[in-house]
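Take a look at this single chain in structure tokens; it is the form predicted on its own.
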């Protein structure tokens, strides 16, 4: 599924999406960036409360095409700048990590059938 289709299907707020046709293969939910480095699969959207530039760096390292920031947290300017440089999409939602992850899973499962 493309990032653009996922955003639309889930109703996420696109803050920055440089490559809307990027393929999304899943989601990984964690607020511990060392855990993300160790376990996040390539192509997964990172679902987290972490709203800082280091989150973008970790996504670049693991091949995550997007960060979904939950609880409608602000996206600081330095995170936005890092995402622009690295080509990582930034999304927001008012939902918590669990609800957002379930929504992504349901949409991906539905399209896989």
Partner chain sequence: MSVVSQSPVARHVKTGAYFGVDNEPLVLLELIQRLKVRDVMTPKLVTVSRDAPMRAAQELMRKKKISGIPVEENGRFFGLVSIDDIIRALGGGYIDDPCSRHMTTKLVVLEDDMPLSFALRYFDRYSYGRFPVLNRDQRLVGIICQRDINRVLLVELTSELNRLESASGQNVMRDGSSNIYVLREFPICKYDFESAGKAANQIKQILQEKKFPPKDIRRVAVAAYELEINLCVHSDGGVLSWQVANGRSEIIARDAGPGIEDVEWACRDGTSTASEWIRSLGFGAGMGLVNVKRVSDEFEITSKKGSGTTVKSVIQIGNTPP
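Residue numbers count along the first chain shown, from 1. Not measured: the values here are computed from a predicted model.
Omitted from view is the form predicted together with the partner chain, to which the following refers.
Contact of residue 29 with the partner chain in the model of the complex (heavy atom, 4.5 Å): Outside the cut-off, so no.
4.5 angstroms heavy atom contact with the partner chain in the model of the complex for residue 33: Result yes; residue 33 sits at the interface with the partner chain in the model of the complex.
Touches the partner chain in the model of the complex: residue 86 (any heavy atom, 4.5 Å): Close contact exists here: in the model of the complex, residue 86 approaches the partner chain to within 4.5 Å, heavy atoms only.
Proximity of residue 40 to the partner chain in the model of the complex, heavy atoms at 4.5 Å: Close contact exists here: in the model of the complex, residue 40 approaches the partner chain to within 4.5 Å, heavy atoms only.
Stretch 44-62: residues contacting the partner chain in the model of the complex, 4.5 Å heavy atom cut-off: Read in sequence order, the residues that approach the partner chain (within 4.5 Å, in the model of the complex) are 50, 52, 53, 54, 57, 58, 60, 61, 62.
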